[in-house]
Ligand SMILES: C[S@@+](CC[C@H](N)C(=O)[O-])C[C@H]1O[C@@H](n2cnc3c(N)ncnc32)[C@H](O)[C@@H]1O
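Here you get one chain, nothing else, as structure tokens; it is the form predicted alone.
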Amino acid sequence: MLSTKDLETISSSTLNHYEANAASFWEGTRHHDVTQNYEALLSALPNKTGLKILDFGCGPGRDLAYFKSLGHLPTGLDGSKSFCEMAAAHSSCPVLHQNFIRLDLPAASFDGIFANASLFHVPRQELARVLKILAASLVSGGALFSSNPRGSGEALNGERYGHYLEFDDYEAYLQAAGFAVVHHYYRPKGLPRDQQPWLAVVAKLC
């Protein structure tokens, strides 16, 4: 078990990395094609505009801007203050500055959650609790999309902490939080499985 001090050290190290590299992160990711992931979430939600979407780990705001361009009402959330400021500037959307392990979300407020390359920063012992908080923030029938690096174990990789799961283990966490998996896939699309390091999962509230 990680102590409270351990959790704070992990979180601070990861966030300090993003703070120090915020501008380069934006330049390096702003043109990434995650269309497949957008479509995965939206296909699990009602086909209408004005959906309330929480972009969990919004980074500098690329995905917020995309969802807003479709007529939805996205809200960002990130633990990095610099990312929150950049996301608000790039998208003109509301952005919550919250640490992933100290979330304070309103109940039944979002139609969907887009967690693209973010939940893997939540330590194993905290993941079930965090998923339950996310579930409680969704309306009935709400959907969670998440994409995380595949693997096993948890560790600091340089300054950033990562918690890596394969599908069966991750599905168990989702089910315990009240989600049912709709479907899952691996990225990048079209490559052999051993060249697909990302696991993407769409789940809905049971």
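Every value quoted in this text rests on a predicted model; they were computed, and no experiment measured them. Each residue number is its position in the shown sequence, starting from 1.
What comes next is about the form predicted together with the named molecule, which is not displayed.
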Note: the named molecule not shown here; in the model of the complex, the stretch from 67-75, 86-94, 129-137, 116-124 having heavy atoms within 4.5 Å of it is 116-124
Query raised in the report: Taking heavy atoms only, is S11 within 4.5 angstroms of the named molecule in the model of the complex?
Result: yes
Review point. How about F100: is it within 4.5 Å of the named molecule in the model of the complex, going by heavy atoms?
Key: yes
- State yes or no: in the model of the complex, is some non-hydrogen atom of C58 no more than 4.5 angstroms from a non-hydrogen atom of the named molecule? yes
request  = Answer for Y186 alone: is it within 4.5 Å of the named molecule in the model of the complex, judged on heavy atom distances?
outcome  = no
State yes only if every one of Y18, R62 and G79 has a non-hydrogen atom within 4.5 Å of the named molecule in the model of the complex; otherwise state no.
yes
